[in-house]
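Let's start with one chain on its own, the form predicted alone, as structure tokens.
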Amino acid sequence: MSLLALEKVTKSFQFEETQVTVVKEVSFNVKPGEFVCLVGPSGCGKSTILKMISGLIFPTSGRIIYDNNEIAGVNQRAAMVFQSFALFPWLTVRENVALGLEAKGMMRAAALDKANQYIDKVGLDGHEEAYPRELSGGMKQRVGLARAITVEPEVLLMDEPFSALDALTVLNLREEVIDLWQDKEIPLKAVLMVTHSIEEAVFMADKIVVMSTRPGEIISEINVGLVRPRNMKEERFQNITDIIYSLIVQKRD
């Protein structure tokens, strides 16, 4: 049974007298317990798909079904981690993490207390009173991750969360996200992550949805089938990476 399903989803935007189709008849599903990555060329609509799943924008046609109900507003059971960190510079780490809980109506004291638990889980204990300007890029993204999981969503949406970070920080954060995903104390049912890195997708995902150039269509779905922890130098890892790369290049040509 699917937790999340997209059924022939198309999204077009109107620019003056021109209509631009970004996503065209996209269909795929995410099952409970799956970590799914969307990969494809820049501009193929990957981030647009996340925004539609979160209920920030709506399909031009087609349906997005979550837990057997069509999404018709903001999806309160999903949380987003953004590429640009999206932290409020005038709030401390603890206040940024607690913000989503307060928005849901939790009393401030309780929200701050719960925020502490997730700050610890992302390795930022001791930095609760720091401001974003005092943090490195990797630490800022940890704050964004803590803010998302503190509201205990069923689905975590991640929009190229590591693309603004240096290579060593990315390696560490990939492993930390996998550890959080496997943490039984966190009630996540699924993760859907957008990435432009094929290697990152193969390292992290159970299933990879491959998209074409704009308008984004589904080229293929790849079940990774590698045990964790994964080694990027292994032959099977490289074979899956090569297959996905070839699919994207062939479709582009």
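Keep in mind that what you see is a predicted model, and the values were worked out from it rather than measured. Throughout, we count residues from 1 along the sequence that is shown.
Here the subject shifts to the form predicted together with a small molecule, a form of this protein not shown in this document.
At a distance threshold of 4.5 angstroms between non-hydrogen atoms, residue 54 is out of contact with the small molecule in the predicted bound form. The small molecule in the predicted bound form is not approached by residue 62, whose heavy atoms all lie more than 4.5 angstroms from it. Residue contact check for residue 29: none of its heavy atoms lie within 4.5 Å of the small molecule in the predicted bound form. Taking non-hydrogen atoms only, residue 244 never approaches the small molecule to within 4.5 angstroms in the predicted bound form. Across the options 197-205, 222-230, 46-54, 66-74, residues that bring heavy atoms within 4.5 Å of the small molecule in the predicted bound form belong to 46-54.
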